[in-house]
Ligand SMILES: Nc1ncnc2c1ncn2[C@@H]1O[C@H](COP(=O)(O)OP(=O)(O)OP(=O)(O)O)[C@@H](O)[C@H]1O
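To begin, one chain is listed below as structure tokens, in the form predicted on its own.
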Amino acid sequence: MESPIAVGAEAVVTVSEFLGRKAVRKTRVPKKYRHPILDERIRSTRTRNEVRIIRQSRSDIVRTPVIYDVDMSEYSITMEFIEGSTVKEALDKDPSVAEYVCPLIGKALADLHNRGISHGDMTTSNMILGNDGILCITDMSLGNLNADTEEMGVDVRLLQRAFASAHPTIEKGFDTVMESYVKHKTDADAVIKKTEEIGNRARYT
């Protein structure tokens, strides 16, 4: 029997099994407030998009869960279970983890952006720090494989806000992320400038 481990705005995540291996199953549930045809279109598009981005994002630097199965009749993705905890949980439990994980976040985000990939919802809740010490990026359905500077700036801005709201006591946490990002990102100045522009927009709207 599958047991839920997370219930989000659009999907339910459960612990599952695939060919004898522990797995995670993410199912996009129907929304009654949407027209049924529109609902199916949205669930289909986001499921397919997430599968593409998870697969394309994997590299020697960025770890993403291995996808075992996709069921478009239920709009579900069955994927590798990563033993560990979300980065948010790890930082909440032990803020000193920031010294280790923040440079990994910056390097991973730079690698995605260097390959033209945006995440779309870059927060510490959407990363897993594996028990093996490897950072895994998850929940990529809002991303883009042909990201422009605006979308990259949104990623950075979301991460900045995540550290400010969820980890306000971690001194220089976001700064450490950005030091690593700048070190590994080609033309990082353009993204940083766009991030500042996005922040200013939000401030005056």
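The structure displayed is predicted, hence computed values, not measured ones. In this text, residue numbers run from 1 along the sequence as written.
One more form of this protein should be noted, the form predicted in complex with this ligand, which is absent from this view; the next part is about it.
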_Residues 86, 128 and 139 are flagged as a possible site; in the predicted complex, is every one of them within 4.5 Å of this ligand by some non-hydrogen atom?_
yes
*Should residue 101 be classed as touching this ligand in the predicted complex when contacts are defined as heavy atoms within 4.5 Å?*
no
*Report yes if any heavy atom of residue 121 sits within 4.5 Å of a heavy atom of this ligand in the predicted complex; otherwise report no.*
yes
_Using a 4.5 angstroms cut-off on non-hydrogen atoms, would residue 191 count as touching this ligand in the predicted complex?_
no
*Decide whether residue 65 counts as a contact residue for this ligand in the predicted complex under a heavy atom distance cut-off of 4.5 Å.*
yes
*Thinking of this ligand in the predicted complex, which stretch from 55-63, 22-30, 166-174, 149-157 has heavy atoms inside 4.5 Å of it?*
22-30
_Please tell me which of 117, 135, 91, 79 lies within 4.5 Å of this ligand in the predicted complex, judged by heavy atoms._
79
